[in-house]
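Quick heads-up: it's one chain on its own, the form predicted on its own, in structure tokens.
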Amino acid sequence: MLDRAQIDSAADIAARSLFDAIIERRIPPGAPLRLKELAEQLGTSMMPVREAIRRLAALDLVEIEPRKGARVRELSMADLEDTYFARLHLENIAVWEAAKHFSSEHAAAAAAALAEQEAAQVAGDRVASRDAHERFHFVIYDASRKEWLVRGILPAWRNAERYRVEAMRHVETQAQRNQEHTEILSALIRHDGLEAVRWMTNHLTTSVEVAAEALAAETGQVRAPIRVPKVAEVLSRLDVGVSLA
């Protein structure tokens, strides 16, 4: 007997639309999210919009205050640093575990996502590039076989997208980021967890530094030094069995 075809619900569509609008700053940080207004724009009832806002609040992209309603969370250097501190640890654990199980199927799916991302970059399609970039990373994380770990990565990942969007407008670091992706994938194909962690640490450090520069330029916030753990600190939290000296 065949399963029913999966069709996105109105809440799924609303959540995706709101997420894209928040990431692209069409709904800016601090902006209120008014149910009636959003429902009219989306051409739906208020119920799926309310559910969409609840989902985004679960990812901590939206704040809901009793009797005041919902608004998009503000951006800050402290939040940026905290987000990447979490990502550097959680994603490197996933990469370390993925190296043990990385298969030819994982390699093919990751390589296809990278090809799609680079094609989207050439076409100037930021949304397609962002989607392909996320697929690349989560093919890797799924290979870890640690389902709860992967679920834990998602909120920090989605929050980081709010900071990355302005940074990714600057193409001067694009070649470097693409090369880091290639090196991560190459290390995983060789089942070299140590090298994959080194490249992932470099990759996320590049991202947070570029994002911090973009946030400072955009908001006028003082760009305090971003404290992110170095490779040795990250590795010290993993059971890598190697000398860090």
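Position 1 is the first residue in the sequence shown; the rest follow in order. Since the model is a prediction, treat every value here as computed from it, not as a measurement.
The form predicted in complex with the DNA exists for this protein as well; it is not shown, and the discussion that follows is about that form.
Q: Which residue, Val210, Leu204, Leu33, Ala187, has a heavy atom that falls within 4.5 Å of the DNA in the predicted complex?
A: Partner contact (heavy atom, 4.5 Å) among the options: Leu33.
Q: My question is simply whether Arg26 lines the interface with the DNA in the predicted complex - judged by any non-hydrogen atom within 4.5 Å.
A: Outside the cut-off, so no.
Q: Just checking whether Gly220 would be counted as a contact of the DNA in the predicted complex - the rule being heavy atoms within 4.5 angstroms.
A: So Gly220 does not count as contacting the DNA.
Q: Does any part of Ala21 reach within 4.5 Å of the DNA in the predicted complex? Heavy atoms only, please.
A: No, Ala21 sits far enough from the DNA in the predicted complex that none of its heavy atoms falls within 4.5 Å.
Q: Is Gln176 one of the residues lying within 4.5 Å of the DNA in the predicted complex, judged by heavy atom distances?
A: Contact with the DNA, no.
Q: Can all three of Ala11, Thr44 and Met47 be found with a heavy atom no more than 4.5 Å from the DNA in the predicted complex?
A: Affirmative, all three are within 4.5 Å.
Q: Would you point out which of 177 to 185, 212 to 220, 66 to 74, 193 to 201 contains residues with a non-hydrogen atom within 4.5 Å of the DNA in the predicted complex?
A: This holds for exactly one stretch, 66 to 74.
Q: If you apply a 4.5 angstroms heavy atom cut-off, which residues in 187 to 210 are near the DNA in the predicted complex?
A: Residues within 4.5 Å: none in this stretch.
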